[in-house]
Structure formats: C-alpha cells, structure tokens
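A single chain, nothing else alongside it, follows as structure tokens in the form predicted alone.
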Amino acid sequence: MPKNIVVLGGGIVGVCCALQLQRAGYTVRIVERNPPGEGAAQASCGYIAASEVIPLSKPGLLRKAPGWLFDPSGPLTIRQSSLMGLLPWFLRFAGNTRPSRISQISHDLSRLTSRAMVDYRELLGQFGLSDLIQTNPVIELYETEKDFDRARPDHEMRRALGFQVDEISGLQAAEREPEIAKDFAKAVVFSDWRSIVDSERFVTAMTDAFVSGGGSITMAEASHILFEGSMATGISLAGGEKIEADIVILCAGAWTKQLTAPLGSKLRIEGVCGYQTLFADPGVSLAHGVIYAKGGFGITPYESGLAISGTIEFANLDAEPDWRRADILVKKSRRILPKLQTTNGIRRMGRRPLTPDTLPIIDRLPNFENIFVATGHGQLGVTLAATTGKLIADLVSGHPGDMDMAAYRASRF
C-alpha cells in the first residue's frame, strides 16, 4: 500500500476524500492555500440535496437565459468580459439540452445523490460528528399556481427516480415556518433533503478529525504536478518547495483544469460564482432551509446566523466578486421573510466547478496511473462530498464497487 498520498484542495470534497482514504488505511496530506472552511462550501446554501438531479441545461432554464445573461439581478448571469472564453464550454452545455440527455444526466446524478446521506452518516458517525447535519427537511416556495405547474415535470422526474417530494399549500408552509409570508400559492417539502448546521464548521470539524487521525495539512499553493512518464512523482509548490507523492488526488475545484492542462488533459470546468450574506442577528428564526423558486436562492438557518445564498454567475477565475449579486438576494429575501433584519451582514463568494453536463468528474486522470480527479460538482459539492470521497478511495485501492463510473469519467468531453 502506498505510504504517501497528497490531496490537492482542502475544501469539502478534498477533506472528504482525505478522510475516506485515511479510513482505508492510507497516509494522507492535504495541500490547501486557504484556511479550513473557506472554500466554496462556506458560501453555499449548505443543503444535502438528494433530489437536486435535474441538470442546469434543462430547456426551461435555457429559454429564460438570454434575458438573464447580462442582467446582474437575474439568477443566472455572465460577465461580458468572460463571454468569449466561455463559448466553447457553452457550446458543449447546449449539447446537453435534449430530453434524452436531461433524462440520462438526471439518472446519473441520482445514482450519486441517492446515497449521499448514507455515506455521510457512515463517515460522520465514525468521528462522532453526526450532529453536523440538521434533522429537518427543506421547503421550496412558489409564488403562483402557474409557477408550480411549470415545475411539476421536474418534481415528477424526481419521484420517478425514487425521491420524496411532498406538495403542500403556501399556508401549510407558513404553519411550519411562521416567519415566512402567508401568501405563497404552493410549496413542496423535499423530505429527503437536509441542511448542515454551519457551512464553515462543517468543513473545519472534518478537517480537525482528519488531523486528529494522523493526517497533515500544508498551507500552500500548488504550482504544478511533477511526473515521469505516466507516473506522478509529487507536486511543486508556488514557493519552489517539492513534495513527493505516490498518489495525487486533484480536488482543487475550478482550478483543477489549470493543474491538468500541462499533463495533456483539458477538463471542461468553469468556475461559477455563488454568493452568500450571513446575518448573525436577523430578527427572525427558521427551523427549515427555505428555497425561493422564483428567485433561485435559499435561506438556511446556521448556528452562526441566517444565510441567504445562491445565484449563478459565470466569470473568469481571477474576476473580483460582484457584491451586487449578494445584495440583490438580500433584497429579494424580504419577500419570504418580511421581518428580516439586514444589518451587519457578512458577504461571501465561492466558485463552484461546473461541467457542461452538470455531472462531476470522479476518475483516474487519462494517461496517468497514479493521478485521480474529484471535481466538477457544481452546486452539489456539499451533497456529494462524502460519496465522492468513498468512490475515490475505492478507485485508489483498486476495489471499485458495483457502480458504473463511465458517466463521471474525465475523458468524456
């Protein structure tokens, strides 16, 4: 068994890969440039979204997209300065809009998301961290019956894949959550979804468990991967230091493609910006995560406050945050929570690595024997981290389970 595994990236996917490898008996080091808990998950809704399997390329979204793309207030937008560089990605994205592809992608995602809670319970239970996941489901609100009817095919597809989606009235939703407005027409309860207790503590607690189990963390930026022939020999850090490795696991999110390009693998990933504002004293309380279907964002009760998170913004990796996106979400959130107090909010932005088909990449890197990739989870990083870690550990050990991994191959693009 190799003695030295290096995981590049200490976000939620990286730390879960490290923990699962550690559980399998390997010695693991994480290399991460940011402090634990400051990755994309920190700015997320924090949902373990079991039935969030309809890909972003669904036709209903694309029909609306032209009006959204350059509107900073829309749920999906693109920086004009980034458009030309994103065209190849969007052309592949458009190829996934056929009904047959939507159906297949949803099926392939469901094979991962349906085991997310089982894998989390197993992983967190081993370290006494089961309390990191809340017990209540998530509620989605619809302004009108017409809005709900448009979403009905998605809910039927979720049910057909084995997920539980319970329809209730807007008033019934308000009975469950008295702080929300009473005039929503409809709602659904995603009974198999859960929220994490805090987006930052979720990652830091698992990182602490990893270190307590003998793992190590190097706070540095990886420059490139060292290799000879088809074998990685280690990594080079930005400061010039070299770290030897028997196996390298790439979990660097949207930056993974920069590490694989010199190795001859062009991963089709773009960094999609998501925004969050956290209010430590919001003046209202929730027991459930709440999604505003029309606004495309969620409101999550965390230990540290009430988090308003969402939107999809395509921008270059070096682009500065457009904090108007976060402010717009806060303004829209008052439609759901009329008594919300919005002073002294903490704004965050995270870049979610998104593939053109919305499916993650979980695979051995083509043409290399000891480099593995775990990225491209888009808005499902929190949902799929424990499952991804387990699958990576299986691939590394050479004992894959009974899941067909073809849909998540790095070479599929």
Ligand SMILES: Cc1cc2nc3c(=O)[nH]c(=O)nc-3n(C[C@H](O)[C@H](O)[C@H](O)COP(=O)(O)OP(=O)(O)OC[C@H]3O[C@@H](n4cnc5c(N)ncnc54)[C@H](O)[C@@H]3O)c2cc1C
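Residue numbers run from 1 along the displayed sequence. Since the structure is predicted, the reported quantities are computational estimates derived from the model, not experimental observations.
What comes next is about the form predicted in complex with this ligand, which is not displayed.
In terms of contact with this ligand in the predicted complex, the residue from I361, A386, I371, A43 that brings a heavy atom within 4.5 Å is A43.
A heavy atom within 4.5 Å of this ligand in the predicted complex is found for one listed residue only; from A181, A220, M231, V330, this is A220. Among residues of the shown chain, L380 is one whose heavy atoms approach this ligand to within 4.5 Å in the predicted complex.
Although the partner is absent here, L8 lies within 4.5 Å of this ligand in the predicted complex, judged by heavy atoms. The shortest heavy atom separation between I299 and this ligand in the predicted complex exceeds 4.5 Å. For the chain shown alone, V53 is not a contact residue for this ligand in the predicted complex, no non-hydrogen atom being within 4.5 angstroms. Contact with this ligand in the predicted complex, judged as any non-hydrogen atom within 4.5 angstroms, is confined among 127-135, 309-317, 85-93, 338-346 to 309-317. Contacts with this ligand in the predicted complex, taken as any heavy atom within 4.5 Å, map within 18-40 to V31, E32, R33, N34, G39, A40.
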